[in-house]
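Take a look at this one chain, the form predicted alone, written out in structure tokens.
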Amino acid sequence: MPIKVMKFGGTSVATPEMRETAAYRVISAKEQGYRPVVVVSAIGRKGAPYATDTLIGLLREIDPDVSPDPRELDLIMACGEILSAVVFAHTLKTLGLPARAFRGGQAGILTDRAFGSARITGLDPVGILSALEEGAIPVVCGFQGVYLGPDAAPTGELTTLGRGGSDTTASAIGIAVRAEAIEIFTDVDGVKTADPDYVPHAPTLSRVSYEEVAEMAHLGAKVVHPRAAEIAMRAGVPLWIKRTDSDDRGTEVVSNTTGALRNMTGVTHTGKLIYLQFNLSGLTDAARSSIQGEFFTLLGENGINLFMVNVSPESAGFAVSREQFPEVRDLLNGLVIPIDEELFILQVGPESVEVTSQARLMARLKAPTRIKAELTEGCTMMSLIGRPAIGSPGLFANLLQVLADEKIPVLQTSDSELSVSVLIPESEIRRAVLVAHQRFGLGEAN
């Protein structure tokens, strides 16, 4: 019998009624001749007693000035999925189906040791396959795995995969058990052409490529984690995005080898951003290259997500989320970079005690050159996605004209093979998304 992986998000298991609806989805799959493997997220969203953010809050509220240890933070965050898996497995049992709950490690998910943002390094699904052979439905905790390195505890260190990790769990398991399909159940009908909170009548796409859905997720759409799409794409496993409490077909995510599916796929937007523009004018090519390499490497090593990266002979710029900006400032502000016999010091925003102190200390050796970053706050990014349209002449000009007609200022631009993006004031994002959706014909997508 073919295997189908079915992942249910936090809202899909938030109440007894929703869990029962999800359970009947599993029963339906079994009646259709599939052997279901279920992956679940933590119950509910922020504010719910067992939601991930609620569990994090239990530690942070003890003393807001003391950051929790990443290892202990992973342990408490993993409790949400463990509780969810046990409750959902028991729900299936009450409906007459044998089921067995698995922690990520028990399901065979191995990761690196990057607590809070671990990557899957291997997956041995022997426990899952054994349960299936015995006629039981495995219910696996999403978002987690174990690290079994030489310095780990004998039973393995529990790790979490970062936000959206349950989607990644589902895709990884789907490949490991050679599933016929992976279904991601959520609280929307599928992949839409725009955020329905901004465009209430945005249509649901019937089909979209792995590359497009990953690009949409990277650029702000929250329907599926980009890593999940990328994993499924590598193995060519069909991926579906569906609504838990609806019989609608949802969105099928397919290989791009099927050809162009439509002219334009969608319009996305990120959250609140801060744009940093470092002034590199007057530097030698070697110094400019070294400075850029130092701070981009440092940000990457610390898991900082960058948007709108822009490099020129005169400057280097990028945007970061408002949530990550304090960490970026701590990493870069006052950072001293020695290059040959020169010293350079980074200054993020107005002069601070950190920069002044560092500059005074360094001056005993040699006066450092300050590299200042100008900050643009209160901004966000809007992107148009779609391979055929992005390659067409004049698209960028058309987008800029549309925004100019609406008197929406554009602060910065960037593009890729699949998207064009503009940085605009946060106050204008709703109007910009709506007008872009209308003017580029996204209401007619299918």
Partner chain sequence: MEATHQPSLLEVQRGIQSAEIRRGLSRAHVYNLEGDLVAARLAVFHTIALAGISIRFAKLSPTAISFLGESGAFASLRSALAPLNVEVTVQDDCAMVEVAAVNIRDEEGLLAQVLARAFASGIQILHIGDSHDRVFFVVHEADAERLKAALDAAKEVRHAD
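Residue numbers count along the first chain shown, from 1. Since the model is a prediction, treat every value here as computed from it, not as a measurement.
This protein has a second form, the form predicted together with its partner chain, left out of what is shown; the following refers to that one.
Taken together, the three residues 308, 313 and 410 all come within 4.5 Å of its partner chain in the predicted complex, as judged by their closest heavy atom. The partner is absent here, but in the predicted complex a heavy atom of 299, alone among 337, 75, 299, 274, sits within 4.5 Å of its partner chain. 133 is the sole member of 248, 323, 133, 341 with a non-hydrogen atom lying within 4.5 angstroms of its partner chain in the predicted complex. Remark: of stretches 345 to 353, 87 to 95, 124 to 132, 202 to 210, the one touching its partner chain in the predicted complex is 124 to 132 (heavy atom within 4.5 Å). In the predicted complex, its partner chain sits beyond 4.5 Å of every heavy atom of residue 191. The shortest heavy atom separation between residue 375 and its partner chain in the predicted complex exceeds 4.5 Å. None of the heavy atoms of residue 28 is located within 4.5 Å of its partner chain in the predicted complex. Its partner chain is not shown here, and in the predicted complex it never comes within 4.5 Å of any heavy atom of residue 253. Contacts with its partner chain in the predicted complex, taken as any heavy atom within 4.5 Å, map within 173 to 196 to 175, 176, 178.
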